[in-house]
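Just one chain follows, in the form predicted alone, and it is written as structure tokens.
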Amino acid sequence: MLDDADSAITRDGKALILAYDHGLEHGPVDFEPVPETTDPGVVFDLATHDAVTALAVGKGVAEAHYPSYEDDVTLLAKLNGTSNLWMGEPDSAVNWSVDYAHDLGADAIGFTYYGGSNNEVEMAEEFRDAQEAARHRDMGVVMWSYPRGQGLKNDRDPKTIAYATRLGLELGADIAKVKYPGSADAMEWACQSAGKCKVVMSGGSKASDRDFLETVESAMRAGASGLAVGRNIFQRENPEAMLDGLEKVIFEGTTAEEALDAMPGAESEPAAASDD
């Protein structure tokens, strides 16, 4: 990674990436809890919140909506993705090029990498091409580093998550997005393993306000540089309140409890959802 390559999608070295690639990866079911979020414009509006450092979307959504938001939203082009209808060994189709993303106005690219998949070699070569093209365009590079495949028993094992962050470093990502490994100690090991590659926590399935903010606080204190989150924002009836809370925890260094005090009506129960 290069110094300051990710400056366009971070603030003071920290990131809050709003992810909205779920329509491709999971399908419209992810929008059922708050049906209006089926409209990408609703999520683009959320991305104008001061806490959000970038919005990650796929090509079609970016083409249709980003031109109306280019002055207010930082675009992170999610280059690859495969539908949940795919039943084969984990893989991810490359759906648009770095050059096209740059021409559309993207400041960074996102790329899913399934370490451990039978398709790992092909995906590493695709990532190489995208990473080098992004370097020529002075664009940041975020790796969705999700080890999975038929030979992987536990994708949240601390050793696996530490390996995932290390893959980000070794392959040239500026930021590695990984699942929370279950404890502060495990997260600290994952962050240390990444060297100069920043680590952000994946938001995962929707949780209660308290549980989610406490997990984010734990990750930040363990050395994470922020969060890449989708459902824990757009599946909420009051997503702006959660963004207010996350801004305090990520950028101001407050505790989850202090953030909750500024969020009246915190939700106590998670909504049922797949964790993918």
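Every value quoted in this text rests on a predicted model; they were computed, and no experiment measured them. A residue's number is simply how far along the shown sequence it sits, counting from 1.
FYI, the form predicted together with a further copy of the same chain isn't displayed, but the following is about it.
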query	finding
Listed residue (Asp72, Glu170, Asp185, Asp138) with a non-hydrogen atom within 4.5 angstroms of a further copy of the same chain in the model of the complex	Glu170
Contact flag, Thr38 vs a further copy of the same chain in the model of the complex, heavy atom cut 4.5 Å	yes
Contact of Arg128 with a further copy of the same chain in the model of the complex (heavy atom, 4.5 Å)	yes
Heavy atom of Thr112 within 4.5 Å of a further copy of the same chain in the model of the complex	no
Partner contact for Gly116 in the model of the complex: a further copy of the same chain, 4.5 angstroms, heavy atom	yes
One stretch from 221-229, 207-215, 53-61, 241-249 that, in the model of the complex, holds residues within 4.5 Å of a further copy of the same chain by heavy atom	53-61
Partner contacts in the model of the complex for 174-213 (non-hydrogen atom within 4.5 angstroms of a further copy of the same chain)	Trp189, Gln192, Ser193, Lys196
